[in-house]
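Heads up, the chain below is alone and in the form predicted on its own; it's given as structure tokens.
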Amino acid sequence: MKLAMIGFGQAGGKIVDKFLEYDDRTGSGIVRSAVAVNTAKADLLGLERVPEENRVLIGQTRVKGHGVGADNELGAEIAEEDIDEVQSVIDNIPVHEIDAFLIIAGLGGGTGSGGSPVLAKHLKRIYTEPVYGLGILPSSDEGGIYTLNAARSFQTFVREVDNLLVFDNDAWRKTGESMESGYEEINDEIVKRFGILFGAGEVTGGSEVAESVVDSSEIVNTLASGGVSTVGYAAEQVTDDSSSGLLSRFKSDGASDSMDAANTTNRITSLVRKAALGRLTLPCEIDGAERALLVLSGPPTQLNRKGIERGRKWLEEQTGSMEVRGGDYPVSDSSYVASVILLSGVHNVPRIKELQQVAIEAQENIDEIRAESEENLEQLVEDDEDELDPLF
């Protein structure tokens, strides 16, 4: 799948940088164009792979390149004011060569959480290509302001994009881990999972032919349910016996071939279960997901149609969805078989319910504070009038 990736804010820019590194390392060719948008000049200068001409500094007249200080309302205002500056860089993207836009942002800060929904709305108004979001939820120990920002931004972002893929830092941060090293590992996990997912179907000239092809249309159709999506991943190291040559395979007896096929099938079905029931990018109950997509990646000799079909049927039973797609993504020089599962339109998500409650309570507090301020103002006016009365 060919994507135009736009990193909004510090976290978004760093993750786009990681995707470009992943592309260079694996040759997957996912990122057709990469753009980074920020209100902080230092964050843009710290990027290594996003082309300098695609780094957009917004809000210079308001914050002088110093960022918005976790004020996501200010982040949204600046994005609205400077959307033409962002568009001028997006104009250089060969849109006819991409399958979708992907806006990546941390939802706890100010620039990304405030500006990414503004950009999503803008892109959907102009282009016919799908506009997806990849939103990173802050961990609960980052502080109340970040949780509140995420609660506000999530509600707006999910409304403005065609589908919001979510990664919850709270489920991935390790106890006692430093903030910097923790986020470095988290960003690696994000790129690993979404890299395999979006890389499916990107076949080059010398690529192996898949047993059951997954292309960009399968991903687009799975995400077409809208709402919120999560991704599961599981991998197992294997020994690829392809080096023994084609002749040796013809010489092997039928019982050995049958045993190998059974082992391959069992490994695939086991990995599918681990991916779905293990640690998802956004922990949730998989029952009730509207659509799902299963992608198996690894050496061609370790992938087979029977295993993929069994895994797909199991996923169908677990989700209760009749729209479960599946296929493989052969990688000849890989020493791992990996299973990636995209669950789209998930509903039973405790973290989202928690964020929604935070947003409701915050709104109630704001309303109470405003009401109290208005009462205090009225009292002050009355007191002033009482003091002035004797003079007349």
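A residue's number is simply how far along the shown sequence it sits, counting from 1. Just so it is clear, the model here is predicted, and its values are computed rather than measured.
Unshown form predicted together with a small molecule; subsequent notes refer to it.
Item to check | Residue stretch of 289 to 297, 316 to 324, 110 to 118, 266 to 274 approaching the small molecule in the predicted complex, non-hydrogen atom distance within 4.5 Å | outcome: Contact criterion met by 110 to 118 only.
Next on the checklist: Counting any non-hydrogen atom inside 4.5 Å, which residue from Ala235, Ile186, Val228, Cys284 sits next to the small molecule in the predicted complex?
Outcome noted: None of the other options qualify; the answer is Ile186.
Next on the checklist: Given that the small molecule is not shown alongside this chain, does Glu160 nevertheless sit within 4.5 Å of it in the predicted complex, heavy atom to heavy atom?
Outcome noted: Glu160: no, not in contact with the small molecule in the predicted complex.
Checklist entry - So, in the predicted complex, is Thr301 in contact with the small molecule at a 4.5 angstroms heavy atom limit? => result So Thr301 does not count as contacting the small molecule.
Checklist entry - With the cut-off set at 4.5 Å between non-hydrogen atoms, does Gly69 touch the small molecule in the predicted complex? => result Although the small molecule is absent here, Gly69 would touch it in the predicted complex, with heavy atoms inside 4.5 Å.
Checklist entry - Using 4.5 Å between non-hydrogen atoms, is Ile190 touching the small molecule in the predicted complex? => result Yes, contact at 4.5 Å.
Item to check | Three-residue site Glu73, Gly133 and Arg152 fully in contact with the small molecule in the predicted complex at 4.5 Å by heavy atom | outcome: None of them does, since no heavy atom lies within 4.5 Å of the partner.
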